[in-house]
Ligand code: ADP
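Just one chain follows, in the form predicted alone, and it is written as structure tokens.
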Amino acid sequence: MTNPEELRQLAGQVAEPVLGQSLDSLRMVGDVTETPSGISVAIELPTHAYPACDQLTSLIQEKLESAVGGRPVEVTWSAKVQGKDTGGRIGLTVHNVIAVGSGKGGVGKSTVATALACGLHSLGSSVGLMDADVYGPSIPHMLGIKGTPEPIRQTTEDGRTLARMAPLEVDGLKLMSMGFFVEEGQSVPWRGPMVHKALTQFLRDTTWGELDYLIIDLPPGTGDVSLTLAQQIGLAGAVIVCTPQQVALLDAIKAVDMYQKVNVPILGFVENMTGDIFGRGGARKVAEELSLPFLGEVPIDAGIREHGDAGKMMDLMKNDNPARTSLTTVCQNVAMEIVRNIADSPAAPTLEIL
């Protein structure tokens, strides 16, 4: 068999090793071409964070080996992030909006949200990070950035002038936070309606551009901010951060309940600060009991704290950092859960307003 189309169909029968679905059903097989040395198969990955390239290469080569008479089979890669693109209803060109929440404070939610954004960015995706913790914004400090977003005037096709603002950036990662508008140490004594307005402006009036992922760091708990976002925009899903001890897990379960009530998919649990002090495995156990994905554990590591304190969270994803492996695993699992949800239920979720 040397017909490129027949070879493409044969490659499409390969079961993708993470999701277990055929490459054809996942629309991952591109052109199959003959080269002077053999056969080249183009594969389009559904995310830059795809974790199983080597394994998938072997499966494709094994599938085509007999059909090409022993000629070499080369697999080439490109990536196009899949998404439900639900941000379009409020003017966003963002493929996937991911909420990072927790049932209580002090579990390292902002650290995980920042690491997730930095990790996906370092893997090649276009990423924005929105700090929705209006009362306690910490992301500007963790990324070592200060400044005020620049105002921008945009004219619509019908002649209206819109006031927008440009996000600040760290190495190409786009950022928006209340921390850019108040002095360090200054409180934000706002009631719910003012918080609602500020978050709406962060979403609608920031020139995010086209993004693969917009990560939103939520405040602790299950109050106004979480509900506002669930009502304003279709979320690709929520990541629940907790520590291994029982009191944190009980509050995390409440966060799961809240998201389920507003029909937001739960991407899974991240167990943060895993280690001797807090124990290990509590989040995995709860995830199994609730039939939800476990996205990985982040060790209680002084290096993570030191990078956050020094405003150098982006450096966590460098090759020589011991925390890089665990954080990369979390990033890959989050991205692949979104792909799984899209493959299993292509239609956008219907959100209920409470």
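Every value quoted in this text rests on a predicted model; they were computed, and no experiment measured them. Start at 1 and count along the sequence shown; that's the residue number.
Heads up, the form predicted together with this ligand isn't pictured, but that's what we're talking about next.
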>> Please determine whether each residue of V107, T111 and M142 possesses a non-hydrogen atom within 4.5 angstroms of this ligand in the predicted bound form.
In response: yes
>> Since only the chain is shown here, I'm wondering whether I300 would be in contact with this ligand in the predicted bound form (any heavy atom pair within 4.5 Å).
In response: yes
>> So, V29 and this ligand: in the predicted bound form, are they within 4.5 Å at any heavy atom pair?
In response: no
> Is R305 close enough to touch this ligand in the predicted bound form, meaning at least one heavy atom pair within 4.5 Å?
Replying inline: yes
>> Contact with this ligand in the predicted bound form for D309, defined as at least one heavy atom pair within 4.5 Å: yes or no?
In response: yes
>> Among the candidate stretches 148-156, 91-99, 268-276, 161-169, which one is within 4.5 Å of this ligand in the predicted bound form when only heavy atoms are counted?
In response: 268-276
> Looking at this ligand in the predicted bound form, which residues in 196-216 have at least one heavy atom within 4.5 Å of it?
Replying inline: none
